[in-house]
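Just one chain follows, in the form predicted on its own, and it is written as structure tokens.
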């Protein structure tokens, strides 16, 4: 089965670095035309890295900025086939220590940003009678973590927003899905810079015991953006490497090595 995305127009938010940049690179490799949106592009708006890539300044929390960015994409490429709502932020602290403005900021970027971007591309996709909207949820929307009140709440909201959008856009052939990554070392979480014992403790939660890479996510998104996924909508897809698929995944690795399990 060939997932042919040649010529399709893909918009990716939060695309300057990390997971977002990995998603951009994967879609370019698949032959798509890509609009990379990011707040950090303010000092170089509209810079073109190639004939299939444009970089557009966009603040996903601001409706006017979102509208201008989407219009820039349509002016350049003529359509929008896929939206990847990747932009996101977090705050890691017990809920009593989270300042209200920080909580609002997380909700604004992760939830309102997803809503505004979807609202901006929806008329284009309805006119085309086709489209894919792919929203970044998180494993935190499935099992939240200590210190993750703002982040987990925002990502759970993204899951429910996804289901509503899927229902409302279905009559126009537009599918809407979300995906739940697990542990990808980024500048935000600093996983790769943790002490070795701290890294081991986190890796012990994974069925596929390695750090997730941006391309693990991006390859799923390529499938969801393709015609092969045309009957899939309103879904949350776990792409966490089997995080907590069993209660203590590390036991399987210890057993495979003939070791006495550390865990009962």
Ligand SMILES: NC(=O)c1ccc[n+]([C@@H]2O[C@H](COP(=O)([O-])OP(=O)(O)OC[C@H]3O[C@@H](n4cnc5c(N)ncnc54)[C@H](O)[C@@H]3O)[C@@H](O)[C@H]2O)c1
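Computed from a predicted structure; not experimentally measured. Numbering follows the first chain given and starts at 1.
FYI, the form predicted in complex with this ligand isn't displayed, but the following is about it.
Visitor: Would you classify residue 60 as touching this ligand in the predicted bound form, given a 4.5 Å non-hydrogen atom cut-off?
Guide: Yes, contact at 4.5 Å.
Visitor: Taking the shortest heavy atom distance, is residue 16 within 4.5 Å of this ligand in the predicted bound form?
Guide: So residue 16 counts as contacting this ligand.
Visitor: Contact between residue 161 and this ligand in the predicted bound form at 4.5 Å, heavy atoms?
Guide: It does not: once this ligand is placed as it appears in the predicted bound form, residue 161 has no heavy atom within 4.5 Å of it.
Visitor: Closest heavy atom of residue 157 to this ligand in the predicted bound form, within 4.5 Å or not?
Guide: No - in the predicted bound form, heavy atoms of residue 157 and this ligand never come within 4.5 Å of each other.
Visitor: At 4.5 angstroms, heavy atoms only, are 131, 175 and 237 all close to this ligand in the predicted bound form?
Guide: Judged in the predicted bound form, none of 131, 175 and 237 sits within 4.5 Å of this ligand.
Visitor: Looking at 118, 153, 183, 124, which is the one with a non-hydrogen atom within 4.5 Å of this ligand in the predicted bound form?
Guide: Filtering the options by heavy-atom distance leaves 183.
Visitor: Have a look at 39, 202, 68, 29 for me and say which one sits with a heavy atom within 4.5 Å of this ligand in the predicted bound form.
Guide: When this ligand is considered in the predicted bound form, the option within 4.5 Å is 39.
Visitor: Just one stretch in 162-170, 79-87, 142-150, 93-101 has heavy atoms within 4.5 Å of this ligand in the predicted bound form, so which one is it?
Guide: It is the stretch 79-87.
Visitor: Going by this ligand in the predicted bound form, which residues of 101-115 come within 4.5 Å of it through any heavy atom?
Guide: If the 4.5 Å heavy-atom criterion is applied to this ligand in the predicted bound form, 101-115 yields only 109.
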